[in-house]
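Given as structure tokens, the chain that follows is alone and in the form predicted alone.
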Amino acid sequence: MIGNPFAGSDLFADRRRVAALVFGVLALAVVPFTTTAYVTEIVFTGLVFVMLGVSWNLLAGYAGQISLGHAAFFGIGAYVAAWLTTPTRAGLPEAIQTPVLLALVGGGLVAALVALAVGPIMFRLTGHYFAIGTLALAAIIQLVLLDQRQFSGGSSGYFIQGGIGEDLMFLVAVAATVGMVASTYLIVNSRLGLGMRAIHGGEGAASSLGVNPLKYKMYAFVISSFMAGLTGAIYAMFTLYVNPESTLNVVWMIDTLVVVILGGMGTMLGPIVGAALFLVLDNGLRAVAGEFATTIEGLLIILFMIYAPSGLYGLIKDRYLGGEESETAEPEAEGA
């Protein structure tokens, strides 16, 4: 399931691939104006999964840190955006009310700050313990918000006012998706990405080369959390409703994990391909198989993990593209 951890990417080096990506972005941009609200909502959900997949893939696929608490940062971003745009509903001073776009950035920044605060504690854990620790963090944040009804709305949820409309928020989601993919590409192919991939290959070996594992884990954790928080904020401002039971639900984490596994972990295009496949499976099977859709999805995912561990993108790359994505040399020593 995990791509080559030392793989960089020449995703934007091929002009035909760049042209196809540009066409895809333009096609996405006209979706709200040429299709129904139902289709727009499905495509928006796909964009959310791409953003969550890209952010989680940076931490797990490139830095090798399997976190199960991504839903926590998604939920934090959603609630911060809700509080900043509709503060009086939570009893907060009206003076903190901010425009939507600033609220989106605020959601991402607060999520990143939480990751910065808890990261040194979380990274005292390794492997499965780190995964369980992040899952516990998400559960704790969800319980706190459920308990603090005056801030979260409790099980009734929190209704947001002052949105900019679904069409504009959809375009914001498209722009954010492009920005996250491009940012991840630049990070992965930079000295920073080299350090992340070095600790993925083995912390002991990386340390012997002069790489500080904690430093690069923290970079990956904070950047990934910022992206997840921004995604949550965009989701909140599109739906204009957040609820601790649904917005911080572990299902978001499971779906993100499935998207990345289906598409190809540790690859640039994997989360994009995985999100598209996941939406087709989820919506197509529900129409055809009804209540058995989830069971069939589970079986298909198991088959993918057994027979296509590099994901659909890895399968396509190997069969039809001849493994065009570059395989960079192993990390060189660097001062940390």
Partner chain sequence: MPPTELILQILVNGLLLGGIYAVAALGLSLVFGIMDIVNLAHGHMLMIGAYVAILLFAEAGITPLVGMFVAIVLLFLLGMALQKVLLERVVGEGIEQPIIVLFGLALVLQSLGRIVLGSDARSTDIGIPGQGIELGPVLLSFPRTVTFVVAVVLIMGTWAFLQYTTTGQAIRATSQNRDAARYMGIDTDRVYVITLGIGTALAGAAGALLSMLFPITPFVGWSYLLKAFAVVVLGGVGSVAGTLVGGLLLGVSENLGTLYLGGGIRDIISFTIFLVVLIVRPQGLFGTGGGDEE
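Every value quoted in this text rests on a predicted model; they were computed, and no experiment measured them. Rigid core here is just the name for the largest C-alpha set that superposes within 1.5 Å across the two forms. Residue numbers count along the first chain shown, from 1.
Missing here is the form predicted in complex with its partner chain; even so, the following discussion is about that form.
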**Fill in**
Only hit among M305, L26, V280, V39 for heavy atom within 4.5 Å of its partner chain in the predicted complex is M305
**Message:** Can you pick out, from L192, V250, A90, V105, the residue that has a heavy atom within 4.5 Å of its partner chain in the predicted complex?
**Reply:** V250
**Message:** So, I301 and its partner chain: in the predicted complex, are they within 4.5 Å at any heavy atom pair?
**Reply:** yes
**Contact label in the predicted complex: D147 to its partner chain, heavy atom within 4.5 Å** = yes
**Prompt:** Is V31 one of the residues lying within 4.5 Å of its partner chain in the predicted complex, judged by heavy atom distances?
**Reply:** no
**Asked** Within a 4.5 Å heavy atom cut-off, is L171 in contact with its partner chain in the predicted complex?
**Response** no
**Request:** Pick the stretch from 78 to 86, 122 to 130, 179 to 187, 214 to 222 whose residues have a heavy atom within 4.5 Å of its partner chain in the predicted complex.
**Result:** 122 to 130
**Prompt:** Taking its partner chain in the predicted complex, which residues along 258 to 292 bring a heavy atom to within 4.5 Å of it?
**Reply:** I261, M265, E291, F292
**Prompt:** 2 Å or more on the CA of I66 between the shown form and the other one, with the rigid core superposed, yes or no?
**Reply:** no
